[in-house]
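Read the single chain below, which is given as structure tokens and is the form predicted on its own.
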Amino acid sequence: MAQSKASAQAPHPLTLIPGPVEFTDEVLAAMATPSQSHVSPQFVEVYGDALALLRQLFINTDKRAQTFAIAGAGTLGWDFVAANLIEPGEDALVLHTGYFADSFAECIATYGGKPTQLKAPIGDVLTLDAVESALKQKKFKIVTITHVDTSTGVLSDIKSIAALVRAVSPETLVIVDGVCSVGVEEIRFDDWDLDLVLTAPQKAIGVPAGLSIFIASGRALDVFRARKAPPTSYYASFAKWLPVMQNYEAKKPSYFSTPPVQNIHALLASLKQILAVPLADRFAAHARMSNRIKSTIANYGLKQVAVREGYQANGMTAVYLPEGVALPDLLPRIAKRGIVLAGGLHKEIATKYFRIGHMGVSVTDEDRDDFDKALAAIKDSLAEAGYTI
């Protein structure tokens, strides 16, 4: 089994998929925190600090916004959007660059919203002209953007899209699915005038799954407060959770539903590690690793799913299989070498490509050689499968 030099963890296969990623020893130690009351002074301090540090991760200082960290999956963020920020019968524009836009649209429709999908070709991004034209067709309550679609590795330009929305349809809320981007791609919540960014901990944040993490702007919260009807979810309700988050951040105990105490401890441990260096340095480290992996893959004669340079994710790479090699020929061989990679996810091309995750401690810890091992495993496994580089 592969073992990273700097880790005190037991030998295990390296998980280098687009989430979950490898975790630091400190994060795993925090997950082993002994049982603790969710309203104890010690935990209230931890929860409040985590919510405050999330503001730094999102580059937010406007106190009208609020950060949330709630028991659930990243997917729960969609439910919060659909149940609180759009009412039955209202329109949503869903910008589609892969599998997860289909899912977000389905979630919106489940709560009674009317999603309109604007689809880019597989592996490409939407042009701003196409987005502008769609925005002028009708009044949309929200527009959703998948910052990095994990099924394709496409990186959307949320800064430019948000500016376009503000110019064309100022009242439309800008919603960003940042599950595979927060912590690896630049996101300036205040400066880019975003309304909600949702994410999950098991990707670049580097914490085991179990939390739904997001930040909502003051404008988004005002839209919620002006609803004609109550939220269409009991659990995923700002009415229930907003006062709880505000209280915990103010270091006051609060209760609606018991939070996952150990996960919050682990979140705080990871945020302290992430924010110990400037975010710009963290983003640059991921960009360097991304460039290395993508250039090496190209040298192997392989092509990316994401076709447009400058719009390729820095935390993952989706790679087309070479002619004559199938996923069952490749991924098990790589796994035998102690490296776990992911198969395809996009419905139309799922059997034609594989995915590499390169984010978190595997990238930022210079003592680790995870990707030396991964790239060698890919090369050797391709050769074993009959592909000549």
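Just so we're clear, the structure is a prediction, and the values are computed from it rather than from any experiment. Note that residue numbering begins at 1 and tracks the sequence as displayed.
The form predicted in complex with a further copy of the same chain exists for this protein as well; it is not shown, and the discussion that follows is about that form.
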Query raised in the report: Pick from 292, 240, 119, 188: which residue has any heavy atom within 4.5 angstroms of a further copy of the same chain in the model of the complex?
Result: 240
Query raised in the report: Heavy atom within 4.5 Å of a further copy of the same chain in the model of the complex: which of 346, 333, 38, 55?
Result: 38
Requested in this report: Establish, in the model of the complex, whether 28, 231 and 234 all lie within 4.5 Å of a further copy of the same chain, using non-hydrogen atoms for the distance.
Outcome: yes
**Report entry** Contact segment among 250-258, 299-307, 169-177, 151-159, judged by heavy atoms lying within 4.5 Å of a further copy of the same chain in the model of the complex
**Finding:** 250-258
Requested in this report: Mark residue 76 yes when one of its heavy atoms lies within 4.5 Å of a heavy atom of a further copy of the same chain in the model of the complex, and no otherwise.
Outcome: yes
Query raised in the report: Contact between residue 110 and a further copy of the same chain in the model of the complex at 4.5 Å, heavy atoms?
Result: yes
Query raised in the report: Does a further copy of the same chain come within 4.5 Å of any heavy atom of residue 163 in the model of the complex?
Result: no
**Report entry** Partner contact for residue 21 in the model of the complex: a further copy of the same chain, 4.5 angstroms, heavy atom
**Finding:** yes
